[in-house]
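First, one chain by itself in structure tokens, the form predicted alone.
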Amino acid sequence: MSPEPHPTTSMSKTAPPAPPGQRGEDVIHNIGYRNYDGPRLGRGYARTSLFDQSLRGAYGLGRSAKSKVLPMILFAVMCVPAAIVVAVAIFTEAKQMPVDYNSYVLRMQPVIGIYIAAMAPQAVSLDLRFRVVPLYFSRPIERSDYVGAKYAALSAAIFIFTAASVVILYVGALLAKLDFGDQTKGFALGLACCAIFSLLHAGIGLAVAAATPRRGFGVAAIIAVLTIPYMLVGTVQGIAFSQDNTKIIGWLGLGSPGTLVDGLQSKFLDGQSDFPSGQALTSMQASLYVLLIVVLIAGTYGLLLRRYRKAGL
């Protein structure tokens, strides 16, 4: 008796092949994708968009209501004292403003420092933490474009933050009917002081924030870098003044970003120095102040470029 054929063998010989139309791998589905044939806006548009996004983010615009609370509170804290100064000047019919434009900004450095510490990590640390920077570089944008847009955006945000109070003081001075020419000159020099302050502190804040993807670490580090040297320099200057060693006070001002701007504005922007002696800088000291500010701005920008190259993004 011969053995029966195996069922698989029998079916493979007798089963007809499946029609080609029933094989799933042979079917091409048209799901409606189309090529983009619109204008290519290029790197310039990408830089502008990144700047706009970062500047708006520095004030919580375009984000949740929770993101707007801190920057708006700090902005109010920065501006309300200026409004109080204006009210006092108007109602007392003062012959001059109780505080000049440059001095007001420098005396509000603790508030400005908190704002920078909160917003600089918002600008760069979160991109590093969530690894979205490669998505930026997948577009026609270079590392220098990214760094330049972030630097410009934070500088502009700090400038708005500081210059708003200067504008309030200027409007109040005009309402108090103080000399228009003197106040306009002081206002212009005050804006120049705000611009220098913003460029210097934006670079320092971004360089520190970009060193870590952890936002909390960045906030603490920025507060330490901006606050500790400023307080230490002020304390040592006070000790030197109490011992009648006033010659060293100007040299000590080279030790922190805040005192650097203070010395610069007192020498070149007709401001009043908050140094204990109140003395103007010598020509050599002033040259070193300018040189160090330029080096810090250029150096922090260079550190940011190096940071993003080393990150391998």
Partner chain sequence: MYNHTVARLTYKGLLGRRRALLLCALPLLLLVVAVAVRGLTGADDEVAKGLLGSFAMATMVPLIGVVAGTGAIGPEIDDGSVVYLLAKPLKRSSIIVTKLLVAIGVTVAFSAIPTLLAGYILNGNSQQIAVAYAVGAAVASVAYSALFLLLGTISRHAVVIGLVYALIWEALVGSIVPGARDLSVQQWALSLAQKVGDSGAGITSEVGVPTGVTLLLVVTLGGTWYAVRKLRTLKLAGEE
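Numbering follows the first chain given and starts at 1. All values reported here derive from a predicted model rather than from experimental measurement.
The same protein also exists as the form predicted together with its partner chain; that form is not shown, yet it is the one meant from here on.
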*Stretch in contact, per heavy atom within 4.5 angstroms of its partner chain in the model of the complex, of 163 to 171, 113 to 121, 94 to 102, 177 to 185*: 113 to 121
*asked:* Please identify the residue among 277, 245, 282, 272 with any heavy atom within 4.5 Å of its partner chain in the model of the complex.
replied: 245
_Can you work out which of 232, 72, 87, 195 has a heavy atom no more than 4.5 Å from its partner chain in the model of the complex?_
232
*Is there any non-hydrogen atom of residue 200 lying within 4.5 Å of its partner chain in the model of the complex?*
no
*residue 67: heavy atom within 4.5 Å of its partner chain in the model of the complex?*
yes
_Would you classify residue 82 as touching its partner chain in the model of the complex, given a 4.5 Å non-hydrogen atom cut-off?_
no
*Does the 4.5 Å heavy atom contact test between residue 227 and its partner chain in the model of the complex come out positive?*
yes
_Going through 80 to 103, which residues have a heavy atom within 4.5 Å of its partner chain in the model of the complex? Please give them in sequence order._
none
